[in-house]
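In structure tokens, one chain follows: the form predicted on its own.
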């Protein structure tokens, strides 16, 4: 029913709701894996289509606004990638120093490039990419209060979104498929648990700082071994309750950007500290051109003992960002991540460019040139890939 309902709404909504602005994009995505698959039935290439429309409108002289943003992907050889999601279904009310947002929303907290520790409101849409940049919409009641001394965010989050994982044909993936039909929750309320969060943010001259608190269901599940419906080994997601205290800060001094994200996370199983920090230095108008070159360095630390650490446990990122500042908005970001303990190395490149007024091309390359045998990333060792996307915006 859902597979039929959402496409129908995509077509009918601009007429039904009288949208004052209807925008979005259609995109074709092709991905190729040059190396043989590590596990049976994994794909070697894939082609899929996505559709992401956005509708907005307002009333009450602009004090009340509504917005709808949907996402749909179809045609992938990995059945778990064929999915629909409501990224945004939101009512915004402006009243003096307050902004009320009620509905489904996607939001971002944090400043660092490689790892988004502070950003815990939305669940990651993992089947859309391993970089964690894509998110599932989150139900919320959100009050943002503005004062001269800072901005306060109060969030009540009724309802939990489970993380999605690649299926048997998916790539890259873990050796065992994740069986989300057996998902376990530490809370008796399960996915109906009500989470909440509080955040203070302010700018002091060149310093932007945020202090956040979150209590609720951990967005990152632990994966425990189990058996599937036919007795095959699988991984079962376990969602613990957590309390998280965090700080994010960015200091801007001429060509320098100094960045830090730090968290202390407490669960029934364990407590730990993690941080990512570093800098970005920008060379402007290199070779007397309009091109800016940013050099990036970040270090990530996780206090947990192996094998419970995050993938970014003692890792150093060294990269560069090129902004061509041309009419086509051409951009390129590339960088190496080096595990300072194990010596593992990964390389990632992202590039994009507009064509005309309505088209945009995106290239993404992920390489695993060396992975140590005792590194969690060893399961992705053969999963180098090249991804190309062509999107038509309207």
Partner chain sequence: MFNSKIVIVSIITVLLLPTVLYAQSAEQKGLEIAIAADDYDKGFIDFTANMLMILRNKNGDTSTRVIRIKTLEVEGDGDKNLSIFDQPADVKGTALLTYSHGLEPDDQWLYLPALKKVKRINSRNKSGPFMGSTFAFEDLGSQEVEKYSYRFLREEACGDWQCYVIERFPEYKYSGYTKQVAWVDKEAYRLVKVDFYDRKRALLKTLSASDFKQYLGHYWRPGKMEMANHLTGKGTTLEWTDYQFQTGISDRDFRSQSLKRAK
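Numbering follows the first chain given and starts at 1. It should be emphasised that the depicted structure is a prediction, and the values quoted were computed from it without experimental measurement.
Just so it is clear, the following notes concern the form predicted together with the partner chain, a form of the same protein that is not shown.
The single contact residue among 105, 246, 123, 218, judged by any heavy atom lying within 4.5 Å of the partner chain in the predicted complex, is 105.
Residue-level contacts in the predicted complex: of 156, 89, 257, 74, one residue has a heavy atom within 4.5 Å of the partner chain, and it is 257.
Segments offered: 234-242, 78-86, 163-171, 91-99. Contacting the partner chain in the predicted complex at heavy atom distances within 4.5 Å is 91-99. Contact check for residue 29: every heavy atom lies farther than 4.5 Å from the partner chain in the predicted complex.
Contact check for residue 151: a heavy atom falls within 4.5 Å of the partner chain in the predicted complex. Within this chain, residue 277 is remote from the site of the partner chain in the predicted complex, having no heavy atom within 4.5 Å. For the chain shown alone, residue 21 is a contact residue for the partner chain in the predicted complex, at least one non-hydrogen atom being within 4.5 angstroms. Highlighted residues 38, 192 and 270: none comes within 4.5 Å of the partner chain in the predicted complex, counting any heavy atom.
Residues from 49-86 that approach the partner chain in the predicted complex with a non-hydrogen atom closer than or equal to 4.5 Å are 54, 58, 62, 65, 69, in the order they occur in the chain.
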